[in-house]
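Single chain ahead, written as structure tokens, the form predicted alone.
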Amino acid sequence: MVTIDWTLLSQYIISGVVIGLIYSLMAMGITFIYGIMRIINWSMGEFYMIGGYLQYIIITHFLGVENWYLGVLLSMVGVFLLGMVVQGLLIKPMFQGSVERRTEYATIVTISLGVLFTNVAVIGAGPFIYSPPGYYHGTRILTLPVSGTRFVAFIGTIVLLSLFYLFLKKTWWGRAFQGAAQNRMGIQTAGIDVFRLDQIAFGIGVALAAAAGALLAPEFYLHPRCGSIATMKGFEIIVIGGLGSIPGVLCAGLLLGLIESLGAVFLNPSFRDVYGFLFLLAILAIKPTGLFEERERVA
């Protein structure tokens, strides 16, 4: 008869919830951009990487580690502005003459952008590994001892996702974004500048990715390709949850974190990433559109 250590099991469950929620922050930016513009930003991992590098520079050379939260905010602002510039120069021209998507062009542009940012990081920072000091000493979440940085990332993710939810539900801009996600031509007819919404939405999406990079900078070391794992997890989550579904992102992120964590304890920790892919394939076999199928949008 197998004896289950319930304390240990609870620790793995809590660990899965913590890392799953952090995964969701990255995926939220991807699905938000897709929900508004109907394009996939394949360079999200590079914006995650830029957020991490900005955080490292800000807290090690200017503000100090005790002001890490200001570094996160400044990193988000910097990447938000960068995202608006990128969208205005490279992506907005694809929509000239039409408010609807140009998926194939967006794919080429964003993949190329990711390659550019990676090589700029190699030139600017070299192929070296950086890590800012930890933000906080170790603590506990119920029965689980966690590193201070991961705890900060967990709390920071909850705060950012809560503010993002309130922004969407309680502000004029949030309602405009919801309208754009449902019917772009309709809100343009109502006098709303859809292209300005696209620019801001792209900036917000990449800023969320930068926040994930800044929060996790001391936990996952910084190097030019550090965003690749975050990108992989983000795309797993949006496919599992359903493209364009914000509730789907949260649900899928938590499920993915739990599957990986429990698979590591009950099966083999060496194949943690494999369990996530198997879960993805199982969901696609049962429900190809994801857990939260998006309502059809009228052009």
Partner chain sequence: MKEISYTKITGFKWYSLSIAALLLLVALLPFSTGQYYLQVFTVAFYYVILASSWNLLAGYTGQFSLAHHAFAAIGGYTSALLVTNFGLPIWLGILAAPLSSALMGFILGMLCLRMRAIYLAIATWAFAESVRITISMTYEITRGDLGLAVPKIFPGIGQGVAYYYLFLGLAAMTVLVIMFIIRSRMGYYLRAIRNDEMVARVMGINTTRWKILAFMLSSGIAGIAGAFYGHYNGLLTPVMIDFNEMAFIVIMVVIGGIRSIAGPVIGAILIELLTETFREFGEIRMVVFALAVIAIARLYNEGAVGAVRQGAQWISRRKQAREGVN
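On a predicted model such as this, the values are computed, not experimentally measured, just so you know. Numbering follows the first chain given and starts at 1.
Separately, the form predicted in complex with its partner chain exists; it is not shown, and the next lines address it.
Chemist: State yes only if every one of 42, 105 and 115 has a non-hydrogen atom within 4.5 Å of its partner chain in the predicted bound form; otherwise state no.
Modeler: Checking in the predicted bound form: 42, 105 and 115 are all within 4.5 Å of its partner chain.
Chemist: Answer for residue 36 alone: is it within 4.5 Å of its partner chain in the predicted bound form, judged on heavy atom distances?
Modeler: Contact with its partner chain, no.
Chemist: Though only this chain appears here, would residue 232 touch its partner chain in the predicted bound form if you measure heavy atom gaps against 4.5 Å?
Modeler: Residue 232: contacts its partner chain in the predicted bound form.
Chemist: Report yes if any heavy atom of residue 133 sits within 4.5 Å of a heavy atom of its partner chain in the predicted bound form; otherwise report no.
Modeler: No, residue 133 is distant from the partner.
Chemist: Do residue 238 and its partner chain come within 4.5 Å of each other in the predicted bound form, heavy atoms counted?
Modeler: Result yes; residue 238 sits at the interface with its partner chain in the predicted bound form.
Chemist: Considering its partner chain in the predicted bound form, which of 122, 85, 129, 77 comes within 4.5 Å of it through any heavy atom?
Modeler: Among 122, 85, 129, 77, a heavy atom within 4.5 Å of its partner chain in the predicted bound form occurs only for 122.
Chemist: If contact means a heavy atom within 4.5 Å, which one of 270-278, 48-56, 66-74, 248-256 is the stretch that engages its partner chain in the predicted bound form?
Modeler: Within 4.5 Å of the partner lies stretch 270-278.
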